[in-house]
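What follows is a single chain, given as structure tokens, in the form predicted on its own.
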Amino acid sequence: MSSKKHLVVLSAPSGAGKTTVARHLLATFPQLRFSVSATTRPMRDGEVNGRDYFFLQRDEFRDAIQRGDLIEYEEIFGNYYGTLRSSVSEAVQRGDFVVFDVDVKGAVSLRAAFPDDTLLMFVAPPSLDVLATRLRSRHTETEEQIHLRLARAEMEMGHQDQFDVVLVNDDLETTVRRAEELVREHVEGAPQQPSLFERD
């Protein structure tokens, strides 16, 4: 049995499916909870402050940086994203199991801060062409923004070797089943609900 990991960290290029995988794991394993990141980007329809993100003003975020309150942070496409150090430290101390949905640099920073407690999973698209199709199908960004995301995706995919496992999301059911297996392996004794694919 592998040593217990309290921090399940998912990273992927935008549109590769990491948020879907994260939500599936949270629904399947009741003891997992979602780590809420801080961001300065605008709230999208359906999002809730404190559930999806902590939505901060830029000056609030910069103050948090100056105080050293963030394990990691980065400016992506004009907005800041980061992970609050206090919430992660408290979770590890309590023995909580936490799922993170972060960029590749954030994942590496979490591993550096909590080397014995992190399981890093990279969700990769089958190809950049497939990723481009997925991004365009969302109809949430301009073509220029999509090109920027694809350029960033190429960079992110170059960091796959820093992760414990790479899940190529060609088939969603296969991808989430493999993610479930990894959580069962590394989160010792994690109680599990029936898989969403096995429910009525």
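All figures in this text were calculated on a predicted structure; none of them were measured in a lab. Residues carry their position along the shown sequence, with the first being 1. Between two forms, the rigid core is the largest collection of C-alphas that superpose within 1.5 Å.
Heads up, the form predicted together with guanosine-5'-monophosphate (5GP) isn't pictured, but that's what we're talking about next.
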guanosine-5'-monophosphate (5GP) in the model of the complex reached by all of Asp69, Ser89 and Phe114, non-hydrogen atom within 4.5 Å: no
Is Phe54 close enough to touch guanosine-5'-monophosphate (5GP) in the model of the complex, meaning at least one heavy atom pair within 4.5 Å? no
I'd like to know if Val99 sits close to guanosine-5'-monophosphate (5GP) in the model of the complex, meaning any non-hydrogen atom pair within 4.5 angstroms. no
With the cut-off set at 4.5 Å between non-hydrogen atoms, does Arg44 touch guanosine-5'-monophosphate (5GP) in the model of the complex? yes
Hey, in the model of the complex, is Thr83 touching guanosine-5'-monophosphate (5GP), heavy atoms inside 4.5 Å? yes
For Asp164, does the CA position differ by 2 Å or more between this form and the one not shown when the superposition is done on the rigid core? no
Given a superposition on the rigid core, I'd like a yes or no on whether Gln57 shifts its C-alpha by 2 Å or more between this form and the one not shown. no
Given a superposition on the rigid core, I'd like a yes or no on whether Thr174 shifts its C-alpha by 2 Å or more between this form and the one not shown. no
